[in-house]
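We begin with a single chain expressed as structure tokens, specifically the form predicted alone.
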Amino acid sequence: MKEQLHALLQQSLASLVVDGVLSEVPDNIRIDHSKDKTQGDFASNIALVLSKQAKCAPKVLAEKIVANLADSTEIEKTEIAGPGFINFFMSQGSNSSVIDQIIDQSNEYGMSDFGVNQRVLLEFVSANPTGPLHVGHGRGAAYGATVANLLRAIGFEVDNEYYVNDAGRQMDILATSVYLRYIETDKFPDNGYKGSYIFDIAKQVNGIEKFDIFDGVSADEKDGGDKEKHIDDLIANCKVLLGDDYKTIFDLAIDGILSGIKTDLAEFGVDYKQWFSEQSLVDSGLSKTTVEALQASGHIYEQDGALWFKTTDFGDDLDRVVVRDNGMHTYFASDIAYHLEKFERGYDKIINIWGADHHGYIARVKASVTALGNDADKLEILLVQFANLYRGGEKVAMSTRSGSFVTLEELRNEVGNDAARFFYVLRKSEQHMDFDLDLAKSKTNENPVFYIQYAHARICSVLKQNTGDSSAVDLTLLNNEAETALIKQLNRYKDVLQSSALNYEPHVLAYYLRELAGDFHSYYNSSEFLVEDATLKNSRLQLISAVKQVISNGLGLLGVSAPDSM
């Protein structure tokens, strides 16, 4: 219906151009669903937008636009409200036609070709393979996977990618932590990885000589020293004493953890086209040549033996080190090379989903994109806040380094994939979220995912009870208040889906599904479906079948199942 209104408004505006009232017809005419039923089904602010061009008050222009609208059986009436909004009241037949569209298009209802022929690279989660995924990573996983689903639903070609940080100091801390557990020393560094999974990896180490790697090592923090210097000394000793065996432990640790991450995400319904290795940037020399290219173009300077990228030239608050005084490339140097490689793949849009603690990295990464001659506007960085976990009303304390955290696997086992996926996207990604475990497990109307799934199961139950001929349908009979509300909600779905996708806001779709489920439950409680009047019965069953289809389609995009019974 919005497309029809758009065409009618364009035609009206074109006639006003011919009459000299307007100079041109804009391409973008905004038409919104009305929230208040007294204000019709749709509203447009076009008169307010064009009043300056028309050199008259918006209300006067609105009257001229309405006067020039072609006759349409789809529109019952129009009203001009406030300073010049045009409200459209659609005919019952026009509104209820959505039911047949939904039934006919089935699983594809709501999809469009808006983003056709546009390729998107979506990178998300990308947690360091230093331990299993925890509940914080789970939010990024659910959000990223759902954004990908939404974009694909409106025609974009989306490739999901995980950037594996398998090079650098954190990996060395991991390998050294595993070796220390292998030799079963009583001394363990403050800055080592302490989780139980480190013991599990250490048990897989066989036949490697056990050395005292504490000889000549500086004091740890608990002994009055510097914990960073202490762990670096342990890493250096490990590499020297173990020789080739160090890489054996290094690879065992990373491969074991990364394998667990891949399994965890796959079981959570999150798929990736590519797992991109940071080490590949080092091995290929791209990290080194990228820094050299920036150096040649005058964007790098040397200070105190280190190489600095002048990111302040591009709006960053500080310049950033890319090569330390010891000759080692920083993580930022790898990020620069990685983003250059991304752009060279020819995507129309590149989206990174990062934890909110990486907010400070945005300016420097965009600076590197611009400095290397690429369009930084093609890169969008979306931030996801951490998820706080509550059980029994108490916040669950978590610390990754100490190993005291709830893993994504544990969360999924406790509340199930459906509740986890839905709860994670129920709030804006940049807002903090409190994940209530007790609510997620409850079988009550307060649990939004249960409430929506129960609506779907209820409809399935009604449809199973139906007997007799279902051919006689008259949708004009669907005119009570509950039916009108449901039909209006169904007409919103396409817009909600497109808005959720283009604004990267899965929570908008989640809230819509909860509203739709609420309208259905109200209808269920106020009306009888399997009535004696066959035509009325079939019409009502057609309506709730359409509701069932939209709930199923929407939940599918959120990565949540639509059960037939509960």
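Note that this is a predicted model, so its numbers are computed, not measured. By rigid core we mean the largest C-alpha set that fits within 1.5 Å across both forms. In case it trips you up, residue 1 is the first one in the sequence shown, and so on.
The form predicted in complex with the RNA is left out here; the points below concern that form.
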query: Heavy atom within 4.5 Å of the RNA in the model of the complex - residue from N237, S280, N417, N128; finding: N128
query: Among the candidates A148, I99, I353, A167, the residue which, in the model of the complex, approaches the RNA to within 4.5 Å (heavy atoms); finding: A167
query: Partner-proximal stretch of 345-353, 424-432, 282-290, 174-182 relative to the RNA in the model of the complex, 4.5 angstroms, heavy atom; finding: 424-432
query: Y162: touches the RNA in the model of the complex, heavy atom cutoff 4.5 angstroms; finding: no
query: Interface membership of L318, the RNA in the model of the complex, 4.5 Å heavy atom rule; finding: yes
query: Contact of L497 with the RNA in the model of the complex (heavy atom, 4.5 Å); finding: no
query: Contact test in the model of the complex: A67 vs the RNA, heavy atoms, 4.5 Å; finding: no
query: Heavy atom contacts to the RNA in the model of the complex at 4.5 Å, residues of 548-566 in sequence order; finding: D564, S565, M566
query: Core-aligned CA displacement of K59 at least 2 Å between this form and the one not shown; finding: yes
query: L516 C-alpha shift between this form and the one not shown of 2 Å or more, rigid core reference; finding: no
query: Rigid core fit then L541 CA moved by 2 Å or more between this form and the one not shown; finding: no
